[in-house]
Ligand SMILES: NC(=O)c1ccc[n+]([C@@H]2O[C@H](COP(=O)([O-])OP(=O)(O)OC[C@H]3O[C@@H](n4cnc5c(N)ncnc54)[C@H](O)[C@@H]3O)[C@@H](O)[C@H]2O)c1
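Heads up, the chain below is alone and in the form predicted on its own; it's given as structure tokens.
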Amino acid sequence: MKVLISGALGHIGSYLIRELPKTYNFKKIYIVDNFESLRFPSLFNLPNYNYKFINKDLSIEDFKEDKVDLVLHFAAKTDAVNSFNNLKEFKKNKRITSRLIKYCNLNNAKFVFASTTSVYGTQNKIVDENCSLKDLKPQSPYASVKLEEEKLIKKMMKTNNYIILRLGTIYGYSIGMRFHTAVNKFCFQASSNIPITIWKTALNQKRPYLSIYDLNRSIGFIMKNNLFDGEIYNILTNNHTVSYIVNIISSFKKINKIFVNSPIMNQLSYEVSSKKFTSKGFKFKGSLKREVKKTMKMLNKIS
């Protein structure tokens, strides 16, 4: 099997290109990225495998290098806060998705799309994939565009050879990791002896989070079981409060908290169910404590 991984140098992609081959035998892995985030180190010290790196902006160019069997689509602008001031740039996400859908239709390739649980917005009860479109409440342009992309996939894909994954907020070490989401940002602040900055009303808000270890296992599970059924699945390790995350970090290092008026993270509270995915036989095994410990260990020399 040949696979294309878009956004392959980012937080998720840089992990997948190293870990997926350990459990799945690919004929070739196409590493596709536009280098916009300048994550050159993601290409350092790759395992001995049949990779091909392609520097390409999929928002303006088609992938024409080869026929692949599977597309893992993780290329996207993901900073929800910045999406309020830069909607035009975030609309590029939709153009990339459209090009990859056309590619999959043309080449009969399977398609994995990374959406987000942020499409649910604030909810009063635990929500699952049966939440109706009218009840979805994306509260950032980033989440709204992801919802548009979901609709685009359902409209454009000629077969059900795809799966849409609504991912919880990713945490866990990778060589291409980012630090603008809650867990990773808090780990960096704590490691730098900087007070952890928390929005005043956010301490007890609950959100879905996903260990990067569990995401990698989820992708492997989908491929092994050929779970390409045109369905949407919530993928998350656990729902956590900000308070719980901060307490985990404080178990590894003494921290200070500062409550601020600027929206450090999305200001919404909701819980998401992953029962639809686990009913297929998958078990989430990720650990916030384990991933925080690893991230803190990698940062332990900066202060």
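Heads up: residue numbers just count along the shown sequence, starting at 1. Keep in mind that what you see is a predicted model, and the values were worked out from it rather than measured.
What comes next is about the form predicted in complex with the ligand, which is not displayed.
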| query | finding |
| --- | --- |
| Touches the ligand in the predicted complex: I170 (any heavy atom, 4.5 Å) | yes |
| Contact test in the predicted complex: A75 vs the ligand, heavy atoms, 4.5 Å | yes |
| In the predicted complex, K276 touching the ligand (heavy atom, 4.5 Å) | no |
| Y142, heavy atom within 4.5 angstroms of the ligand in the predicted complex | yes |
| Contact residue in the predicted complex, chosen from S269, N239, S37, S250 - any heavy atom within 4.5 Å of the ligand | S37 |
| Option touching the ligand, based on a heavy atom within 4.5 Å in the predicted complex, out of I245, L70, L58, I29 | L58 |
| Candidate stretches 217-225, 108-116, 125-133, 186-194 - the one whose heavy atoms come within 4.5 Å of the ligand in the predicted complex | 108-116 |
| Heavy atom within 4.5 Å of the ligand in the predicted complex - qualifying residues of 6-20 | G7, L9, G10, H11, I12, G13 |
